[in-house]
Ligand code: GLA
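Given next, in structure tokens, is a single chain: the form predicted on its own.
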């Protein structure tokens, strides 16, 4: 027999709607509500839309800013062992990268044996991780760092080790017992089960495992995770895997940009690990890579061998001002705001920062040196606003009291990164 529909008084519906609106607005509005309306146009909230952020956001206290650290896959792939992990932790400390925020040391695929033990548990490969993951976590924690592990929301990992599908509770308890701080959860051998059904069980298992563990969904953008993963994980891959080429990096940046309005404190769009330092791109292209990842509030996970950094690679990864853009507490993902030139290859990306500031990237994706002009209209600034401009790669203020527009010549495939501070704000602090 069908249930009889209940008819509630109108005021009950009003209360329900009011409570729902408050719960959403309480998480959404703080991202941009503090911006000075005298400085920014009415179009500002449209250009830097955050309206999709915060609905049912996962609340485990993590990811208030995008995660930073290192991941083994891009450089080492399956050639990993506990010595590599320990030496990487040591290098993050000795180079000073850890002090800049790179604190997660994340082991990717190939750390386990090809089968579970007789108790159905995951087992570290005794040839490559003879001391076990718990001892490795203790070592990493002893350095003041955090250890990440890898598994898969499928029957097997991508390299055909045991996956965690249908083993979520046991594996989460194992990870917690070992002292793991971060889980990257991949998408291979998924038996055709939709991501929306496979990823929440691990969230619940981690929540009940007795240890707070960062949950990084890696479903390659399948079923548009930005639309649903905010209530499941702390970050979600919006794209397929990156590779160390200009074409891959630019394509992935554009794909990630589509979902800018969904990111914010607690949950971030993830366009994959940095390729900076792996040799497939030029210095200018790598500078563009990390500039745009920082502006997009993407996770900054180093993907090269930090034990053997070149001077140029270290310079790119250790720029405190660029990192500060990524870690800005306002937590609004910057985005592409204007394009011109052939096939839109002259680009302006921008995003609001705390203190009524803007980060502005002039990105030349053309094959020739070009001048790029950012107008106040494109940036969402009021026409009468004047700004001081700081170049984050030159580490100096290059202009003061600038109004209406700003232009700069940008090298081929390079990206110049600036912070625009309203002139009145800049001088009120003096």
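Residue numbers count along the first chain shown, from 1. The structure presented is a predicted model; accordingly, all values stated were derived computationally and were not measured.
The next section is about a form of this same protein that is not shown, the form predicted in complex with this ligand.
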With the partner omitted here, the residue among 218, 295, 252, 274 that in the predicted complex has a heavy atom within 4.5 Å of this ligand is 218
Partner-free chain; cross-checking this ligand in the predicted complex, the single residue of 241, 99, 204, 315 with a heavy atom within 4.5 Å is 241
Here the chain appears without its partner; judged in the predicted complex, the stretch of 286 to 294, 302 to 310, 189 to 197, 154 to 162 with heavy atoms within 4.5 Å of this ligand is 154 to 162
Is residue 75 a contact residue for this ligand in the predicted complex, using a 4.5 Å heavy atom cut-off? no
| Quick one: does residue 108 come within 4.5 Å of this ligand in the predicted complex, counting heavy atoms only? | yes
Worksheet item: Hey, in the predicted complex, is residue 150 touching this ligand, heavy atoms inside 4.5 Å?
Response: yes
